[in-house]
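Here's a solo chain for you in structure tokens, the form predicted alone.
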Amino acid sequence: MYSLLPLLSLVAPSFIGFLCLFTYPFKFLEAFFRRIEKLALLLGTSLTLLIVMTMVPYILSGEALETPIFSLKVDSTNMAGAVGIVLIFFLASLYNVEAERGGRLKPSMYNFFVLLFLTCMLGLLFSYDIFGIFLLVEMTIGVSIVLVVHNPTKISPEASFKYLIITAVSALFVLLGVLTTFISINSSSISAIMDNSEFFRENSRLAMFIVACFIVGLGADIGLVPFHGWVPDILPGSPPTVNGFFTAEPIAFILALYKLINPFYVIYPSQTIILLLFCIGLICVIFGVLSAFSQKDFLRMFAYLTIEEFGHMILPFGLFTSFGLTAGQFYLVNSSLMKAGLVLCLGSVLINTKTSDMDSLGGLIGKMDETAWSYIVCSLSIAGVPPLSGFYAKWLLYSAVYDFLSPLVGIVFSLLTVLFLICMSIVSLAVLVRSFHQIFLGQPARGLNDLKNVPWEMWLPTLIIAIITILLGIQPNALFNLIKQP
């Protein structure tokens, strides 16, 4: 079905971003803008959320919305991801009203880059042109680096430089995959890959080379092991508000990666592709959990748990089954929302106490009760504790893995694999519960007795996410209906 809504969802935030940027050269406009800067950002994310939500009834009815001239398409494979991204940006921009305390960027520039960040991520979801995807990936990375540098601390330039070096190398791999595909089929459309299926079957090594380029390139951008070196530095080096926006990034990158390599798997269903992604996913899970366990800084702890979640996210997509795609989308959106809740809670603690050292904290539940309860609910959900939404997400993930493995390697090995993943989730839960105890329970640490609660604009978004995880746990079909194939 032809529709301008996909294009409009990209135009709205970028237009408001350029309006913010327009005030930068004019001092009289800049003075006025400073009074409405945070409301302008909230307006941009709210308007985008409204536009994306107007597409939901069409997708629920089985329609696909397309803007062919720009190679944009919205259907059941990306609608849930779009809702997750705009919801995270809306809640993070509400949090931003009180949490953003200024930095290296002027407010007009900051708003412009945040809204451009949103535009790029939605574009990654909706675009079906490989050159368009490459450009949007690089724009997303570029904007991410600028937003990290916005933090006025000393570590942010170092963190952003490491991020720049790793992602610059990754860009070469993505570009190589894109150019090889284009030269092979003389088209930049993803649908053209399927139209030239006979060519790629006859040149299977070329198809595998392209897939490897995409996995290495986008894997580094996502933060998969062994390309994860920038992740533990970026979170402590970024402003708390920017960390909230960053939690939406894996939705765009992982769905873009699946969109690029799935046609090649359909044409040439090699078990090597599945084995590669499955092993990367398992390594991320093991490395992330074990590394998080020893951390004293809660931002670095969360960074390693994020790597673990990347592993869980990749696993179902790497099966290349319809059930795996459904389970992967549900897990991806739910996990990103829960991570947003957790990172915003930790941001509130950092802003309020000026420290991320868990040994220096304690007793904050009496000072920041809404933040504390939001943190524990999101922690229990992301670890898969029933009856929260994370339990349903983990159940879908484990079911997809078991259903795929059992015919290939037998029931016993399949059960052992699922049991191993459950054990990793239990360790992750232990890390999060321990952090909750160190930060929020016990006696208040020295100097924390006079703390006041954070403003409602900072605890309300985390509370909304906690409520969402409870509601989705009771009624998961609210998200599942957006994902399942008509």
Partner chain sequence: MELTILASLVVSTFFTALGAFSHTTKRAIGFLALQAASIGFVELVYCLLELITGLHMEALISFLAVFIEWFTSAAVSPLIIYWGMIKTENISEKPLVNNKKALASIVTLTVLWLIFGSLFSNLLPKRLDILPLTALMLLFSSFLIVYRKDPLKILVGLNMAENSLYPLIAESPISLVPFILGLMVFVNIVGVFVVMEAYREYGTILLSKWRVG
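Keep in mind that this is a model prediction, so the values were computed, not measured. Numbering follows the first chain given and starts at 1.
Separately, the form predicted together with the partner chain exists; it is not shown, and the next lines address it.
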Fill in the blank from the handout: If we test each of Leu416, Val266, Val169, Leu290 for a heavy atom within 4.5 Å of the partner chain in the predicted complex, the one that passes is Val169
Handout entry: Residue (of Met194, Ile165, Val409, Cys279) lying close to the partner chain in the predicted complex, criterion heavy atoms within 4.5 Å
Key = Ile165
Exercise for the section: Although the partner chain is absent from this view, report whether Ser360 comes within 4.5 Å of it in the predicted complex, heavy atoms only. Expected result: no
Exercise for the section: Classify Leu275 as contacting or not contacting the partner chain in the predicted complex by the rule of any non-hydrogen atom within 4.5 angstroms, answering yes or no. Expected result: no
Handout entry: Phe113 within 4.5 Å of the partner chain in the predicted complex, heavy atoms
Key = yes
Problem - Phe131, heavy atom within 4.5 angstroms of the partner chain in the predicted complex - result: yes
Fill in the blank from the handout: Of the candidate stretches 241 to 249, 154 to 162, 386 to 394, 291 to 299, the one with residues having heavy atoms within 4.5 Å of the partner chain in the predicted complex is 154 to 162
Completion exercise
Within 231 to 253, the residues having any heavy atom within 4.5 Å of the partner chain in the predicted complex are Asp233
